[in-house]
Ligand SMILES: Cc1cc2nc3c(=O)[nH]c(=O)nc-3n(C[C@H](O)[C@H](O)[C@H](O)COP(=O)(O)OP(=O)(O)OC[C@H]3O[C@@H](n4cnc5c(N)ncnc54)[C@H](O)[C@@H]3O)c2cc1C
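Just one chain is shown here, as structure tokens, and it is the form predicted alone.
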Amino acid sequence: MSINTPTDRATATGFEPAAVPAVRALVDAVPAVHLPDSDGYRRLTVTSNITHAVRPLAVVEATSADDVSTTLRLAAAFGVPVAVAGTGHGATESMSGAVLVHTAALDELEVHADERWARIGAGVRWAAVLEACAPHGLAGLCGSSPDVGVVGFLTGGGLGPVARTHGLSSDTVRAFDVVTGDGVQRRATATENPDLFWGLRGGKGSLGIVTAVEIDLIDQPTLYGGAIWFDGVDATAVLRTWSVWTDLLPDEGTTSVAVMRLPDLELFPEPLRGRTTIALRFAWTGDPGVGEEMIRAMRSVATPLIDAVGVMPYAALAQIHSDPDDPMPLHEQSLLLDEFGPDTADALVELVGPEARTAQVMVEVRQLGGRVRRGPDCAFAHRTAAYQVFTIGLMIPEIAQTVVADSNRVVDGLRPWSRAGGLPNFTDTAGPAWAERVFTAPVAARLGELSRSYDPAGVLLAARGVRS
């Protein structure tokens, strides 16, 4: 239920006594506040990973930057922390004891085609941006799933399917409109509040709640890309060849490879159901004829089960990874690698290949590098990593403990090639543990100083890790 007038409902929801006056003040001051057990609360607390259920004290459905400012000022006055969400992706903790600011209603989207930039509200998903840009032959640097929110993706740096050509997605940001923890609305660019601009690119929500972002668009109407699926029996040949091929791949190509175990369900293509397969993902931003030559070596390794690589509209980028959109119970883990050579490929086959006993639905290795290494200075701390490994398992109650233990087994098995660190959008933790993984000590220290300056009361929940 949406609460628009002062009521005594807060006293009946089981809030901690110290939070009751804060919620009452919000109900009086902000147009749309949703309390537990209301339809609005249920709608806005849905997460993409249903193992991370969120249960805030109340949800503020922000319709303007003023709503965000009011919420942060009142929360600071009453000593209540504030969390933020826009699409339900990226939730890592329960938000218990916090007020959730939900930004889905901040849905402005303006494409300035002649000047090749766009202004995007915090509630907008990448799918809407792709659709709006496509008629102009332009594109935003989205991730593998257009269902993800633009702002959350960009504040985590953003590594998408064409990152080796165009760099981090956050490198295209021109400006942020942000409300810092002190409730002040600010604009952050390379020349206006440059310290905030530095920290918002990679620092996630540690410095404020972004209400809108302005990004440069790229001239990329089409690309040569898609996925090639091989049978699991060819895992050694595919992964060994990929390990050498990636060393030779120019920056026009971005690629990943995933060992998959898809359930035997009709929603998946018949050749892929109920068996171990290897999915090669590929995006080539240059001449399609050159891209076809580049991938020839991988095509010739074995007979594909499915070959869906070809010229495609950039707006169809989601076909490369085919990430699911429906909420699911997932266990995710990741690590960074300094190299992925033939010996690493052999280790991965032993860990999750067709003869291995594993509970992971997917184990993906993404090649990084290229222009990712050469972007401007920002809070994204691990530009120099060569590869990333990402594991996903379904947390079915009967096997949940097995899934977690098996994920740890896979990560530990790849330790000889790993390096310290993690990527902000792929690290499934929160607080100090998250900050220690995704930031170097100097980056964390600088973010901590900025947080104490712009959020003296420590209101923002996402800043805990860099303030501790």
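One rule holds for the numbers: they count along the sequence shown, beginning at 1. Note that the structure is predicted; figures quoted are calculated from it, not measured.
Not pictured, yet referred to below: the form predicted together with the named molecule.
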> Since exactly one of L317, V210, L72, V259 fits, which has a heavy atom within 4.5 Å of the named molecule in the predicted bound form?
Replying inline: V210
>> Give me the residue from G199, G86, G140, G181 that has a heavy atom within 4.5 Å of the named molecule in the predicted bound form.
In response: G86
>> in the predicted bound form, does P324 come within 4.5 Å of the named molecule, counting heavy atoms only?
In response: yes
>> Is F153 near the named molecule? Define near as a heavy atom within 4.5 Å, in the predicted bound form.
In response: yes
> Taking 4.5 angstroms as the cut-off for heavy atoms, does A91 touch the named molecule in the predicted bound form?
Replying inline: yes
>> Residue-level question: is T51 within 4.5 Å of the named molecule in the predicted bound form, judged on heavy atoms?
In response: no
> Which single stretch, out of 31 to 39, 395 to 403, 425 to 433, 56 to 64, brings residue heavy atoms within 4.5 Å of the named molecule in the predicted bound form?
Replying inline: 425 to 433
> Taking A122, G158 and R366 as the candidate spot, are all three within 4.5 angstroms of the named molecule in the predicted bound form by heavy atoms?
Replying inline: yes
>> Could you pull out the residues of 289 to 317 that have any heavy atom within 4.5 Å of the named molecule in the predicted bound form?
In response: none
